[in-house]
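Below are two forms of the same protein chain, given as structure tokens: structure 1, then structure 2.
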Structure 1
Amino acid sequence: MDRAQQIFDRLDELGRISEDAHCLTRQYGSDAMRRANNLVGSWMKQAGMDVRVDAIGNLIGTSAVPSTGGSSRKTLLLGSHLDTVKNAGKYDGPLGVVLAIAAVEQCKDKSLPFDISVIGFADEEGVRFQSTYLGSRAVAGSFDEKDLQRTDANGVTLANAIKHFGGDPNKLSECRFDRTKLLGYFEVHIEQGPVLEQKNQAVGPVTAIAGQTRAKIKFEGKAGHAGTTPMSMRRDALCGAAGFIQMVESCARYNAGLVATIGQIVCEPNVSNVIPAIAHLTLDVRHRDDKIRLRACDELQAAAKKVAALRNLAMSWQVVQETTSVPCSTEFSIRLHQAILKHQSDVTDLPSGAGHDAAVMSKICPIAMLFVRCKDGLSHHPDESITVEDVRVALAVLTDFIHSFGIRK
């Protein structure tokens, strides 16, 4: 049978399970999530796995065959998430789960000195409770009990949502994986960026999940009549912001691997015949190396101060989020490189600019990730698109990656 085509078809089928009749939306704890778990669970069973849903709702398939290595035998955990954003594409998350099941099936008859489990995390996107990684945090033991009081748009608490889904908010500690039993966690995910497409490569290894700084910046000058205030007497907040925006871009262009974005700008009063008094900006800076990111942020803050001083503007800089980088395991990455080179002539190392469950899992075991090319770098959109040929490469790489551990043992 053509497993790549089967993965492709399964992702189509899974993509039709939605809480919304007109588009794909599967939020944590929804009936659609339950149906998705049932369907994916049935594929796990077909692959010979024992299937369970843990106390928070993660779907877990484990090797059904008795362990041959005794209690010292470890588990390689493969997976990704089964929840989606609103009006989602069908690959962000599900690809990593469905592909892992196919890999297990492919390895079923091979004798490996470790078990393989597959996990479909219940909440990576965090749409319903505005709190990401609920599923992997329960597994990694970093779940914050306070989050149980979070409420969704209808006022339902997370605790009640867990109960409604058939879980138990008092038994979340039972979701924890024993870190001494874990060989590592490996996640396949669409790239969500344009690099592989531009390089014409099916897959690429992730070097690290980038650290991120998010800041809110405000330049404040003085409003004035656009017709009667000479240029020399202006304190135009937007002109200051424009200079800063260009500095942000230059800073990122001169620091390899850095991405820096002013995604949002709001001016006041924002009227055509009035000089802008205030410009609010959001800054998003990411790099796999925290030192480079933090130095860039320091430089940008100094630049913003200078722009403000030169133009007699007030400037405020408020860091709203700071996330450190999570490097992938060197050993895993070497194995992954070797596996990729069997199936494609070049390898492009990719930082992951977006966050993933793997970042949470890194707290308890080595992690690695494989990105799969996606059309136009698009994600979180119904037009998400991948090819069956790329799925074939990803499955072959994943299988070889798994076998590389067996060979070494």
Structure 2
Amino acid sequence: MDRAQQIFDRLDELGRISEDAHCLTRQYGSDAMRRANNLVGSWMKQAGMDVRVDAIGNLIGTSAVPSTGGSSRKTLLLGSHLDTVKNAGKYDGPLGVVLAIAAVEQCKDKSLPFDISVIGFADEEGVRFQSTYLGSRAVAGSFDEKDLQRTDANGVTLANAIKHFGGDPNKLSECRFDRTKLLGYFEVHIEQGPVLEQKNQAVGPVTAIAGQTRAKIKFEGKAGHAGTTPMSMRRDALCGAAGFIQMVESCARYNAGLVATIGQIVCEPNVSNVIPAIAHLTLDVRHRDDKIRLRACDELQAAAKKVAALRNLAMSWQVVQETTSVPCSTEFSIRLHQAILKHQSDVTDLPSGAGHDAAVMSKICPIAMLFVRCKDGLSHHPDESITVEDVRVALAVLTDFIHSFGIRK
């Protein structure tokens, strides 16, 4: 069997499961996510895995790979996420899950001194409830129960979404993995950047994951008639927001390595002939150095206050998600380098500007990540593209990485 082609075909099939008939979108708790879990769960079963869904909706397959570790054996956890952004590509997240299942199949006849589990996290993107890593935070034991009161755009609470998804918000503590029984966590992901393509390399190891701050910002002024309110008397919330947005871009351009994004804007009352009274913004700030990221956030919050004061607006600032930068395990990275060199002539170390479940899992075990080349570095877009040949290399590298921990005959 050509497992690389099988992975590719499975990703195509999974990519057709969407809550939107016109594009790929799978948000947490949706019927599309349920169908995705069912499909991927069937592949896990075909690989001989015992399959379950935990209290928050994470899909978990436990391998039947022979283990010689006895009652003290540990588990190597492989995986990524199965949810998507809106109008997504089909490889961001699912590649790591489907490829991990194939790796388990590759190892079926090998006796390993540890167990292997594959996990498809239920929510990494945080699209529906504006709070990333819901699935991995439950597994890592860092889930904040206050998040259960978060609401989506339709007013549905996270607690009710969990119930609708077949989970139990009162049993989230049972999702937690015992850190003493984890060997580590390994995640394969598309690069979401152009470096591997420029280097003409199929894969590359991740050195660290950038820290991230997500905030909600609200400017509040006063609505008024667009034709009769003099410019000098206006308290236009959207104009205040526009000025702040320019400051965000300038801040990011001034600080090397910093990226800052205003990804969402909603104004009220959103009527063509009424001065906007309220402007809601989302801010996303990232950097590999937490000190630089936090300093930038402080500067931007001060800038927002200044804009509000100059325009006689009220301003609120709410941090909704914050993760520190995370280095990958040195030991795992050495093993990964050695595995890569068996399949390509050179290795390029890659920092990750995007957040990943691995960042959360680092709180309870060593982590490693492998990036796979994607065309034009494009991600979070329907034109995401990878090749069967690169998938074949990634599978070989993952298999060799697993074997590096010891095969017993």
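Bear in mind that the values here come from a model prediction, so they are computed numbers and not experimental data. All residue numbers here refer to structure 1's sequence, counted from 1. Only the largest set of C-alpha atoms that superpose within 1.5 Å between the two forms is called the rigid core.
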{"property": "Structure number of the form predicted in complex with another copy of the chain", "result": "1"}
{"property": "Residue 180/residue 10 same rigid segment between structure 1 and structure 2", "result": "yes"}
{"property": "Smaller rigid segment rotation relative to the larger between structure 1 and structure 2 [°]", "result": "32"}
{"property": "Backbone CA shift between structure 1 and structure 2, residue 293, after core fitting (angstrom)", "result": "6.7"}
